[in-house]
Ligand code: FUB
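Before any questions on binding or motion, here is one chain by itself as structure tokens, the form predicted on its own.
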Amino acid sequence: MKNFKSLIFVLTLIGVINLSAQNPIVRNQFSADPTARVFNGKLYVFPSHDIAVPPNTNLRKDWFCMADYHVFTSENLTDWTDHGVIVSQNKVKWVDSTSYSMWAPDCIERNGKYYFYFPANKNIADANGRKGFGIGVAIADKPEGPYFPQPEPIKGVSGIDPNVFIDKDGQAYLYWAMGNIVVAKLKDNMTELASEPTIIANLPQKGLKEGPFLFERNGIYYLTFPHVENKIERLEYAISDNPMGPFKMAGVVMDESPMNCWTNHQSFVQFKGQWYLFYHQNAYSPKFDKNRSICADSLFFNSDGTIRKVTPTLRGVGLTKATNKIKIDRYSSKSDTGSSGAFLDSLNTFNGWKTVLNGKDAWVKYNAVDFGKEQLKSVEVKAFSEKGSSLQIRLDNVDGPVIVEVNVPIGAAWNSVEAKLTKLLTGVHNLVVMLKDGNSIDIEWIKFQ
């Protein structure tokens, strides 16, 4: 296990870790606070990186611990590449490298340069004797780096969760949080303020609010942010006809996490004609919500420009190749009884989940499987059933045609079982995996060939 982890570390550094994902989209490390951007026709996600508290430090064991940033890319929202660390706390001159406080970042392109904005605790006090959080900028010629941090944080800014927006007239704006949400114009060099910071009014006054992310669509400026209305954060938004406001509260984008994650953090992006919401939950760490994982779901607007509320899904977005190992535990929907998911290994949650079907006709549905143009002829299922069991795979819905029946033999160990399809498949289909008899079965994946 130690050698395997070392190999993963080395491969990550040289940028060859490939992740095939549903939700969460990053499946080999904790990640949070995702900013999604489209550069050169490819989707980039810049998240923060939760880690365990290092030994021999005075850090709180029950708090956030973040030392660096990775960048992830995808061309299809299904296959993701980790390009490794782009900025770390021990390589930024002004950052207290013992603070592990590299929280939510952002990145934006201007004139062929890429500007990465990040908050961290300062190592030198200001003229008023305060250290606190500064916001720094690292600059690169390519969105995946290498990034070169500026020697000082942005003057006049004290806070966290930077977000940058460039309007159609070329004016850039910096948003950040520290008790309130604040905005200021940026100079063309993207590293200095061009106006005095202004607190954005008309936002909720009670409860924590942070993590601003502003985007524009059809002349409407959407200011989105997490807010603690009750006990944990939900995603809310306000609208305006000007990037500096005044804003008017407009609604909730996503309710409080069903996993009871105290924080959430969002970004919105249009990619290949579809809008998406990126956010985080604590799927890999259900008992400790300071270890989070980023997710993505489709986003839609009403005719009046308001945002339709997004419900978190396991399936997420993007097509899944039928010839991949399809993790049906990331189902789109399931039967009311007899179907559930569980960790394969509760001590190593990055191993993922399994699907458990227990009861006649229990089922899970997995959407958007791409069979391509070749006629695939069989399916392989990795599963076990102590009493033996029989599965059906149906097309499109619970009442859809059966394309294969798979008999899993008696045994307490995992088996890979193959069966021939009764129908040769091409194109994109939704699949339903249904338990034909009542004997309990655990399924790790299915794969067509």
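Computed from a predicted structure; not experimentally measured. Position 1 is the first residue in the sequence shown; the rest follow in order.
A second form of this protein, the form predicted together with ligand FUB, is not displayed here; the remarks below concern that form.
- Picking from 195 to 203, 137 to 145, 103 to 111, 339 to 347 the stretch near ligand FUB in the predicted complex, with a 4.5 Å limit on heavy atoms, gives 103 to 111.
- At a distance threshold of 4.5 angstroms between non-hydrogen atoms, residue 385 is out of contact with ligand FUB in the predicted complex.
- Interface residue remark: residue 281 is not counted as part of the site for ligand FUB in the predicted complex, having no heavy atom within 4.5 Å.
- Using a 4.5 Å cutoff between non-hydrogen atoms, residue 389 does not count as a contact of ligand FUB in the predicted complex.
- Not displayed here, ligand FUB is kept clear of residue 184 by more than 4.5 Å at the level of heavy atoms in the predicted complex.
- Only one of 314, 368, 160, 232 lies close to ligand FUB in the predicted complex, with a heavy atom inside 4.5 Å, and it is 160.
- Screening 320, 355, 291, 263 for any heavy atom within 4.5 Å of ligand FUB in the predicted complex leaves a single hit, 263.
- Contact here is defined as any heavy atom lying within 4.5 Å of ligand FUB in the predicted complex, and by that definition not a single one of 329, 430 and 443 is a contact residue.
- If you take 56 to 80 and check each residue for a heavy atom within 4.5 Å of ligand FUB in the predicted complex, you get 64, 66, in sequence order.
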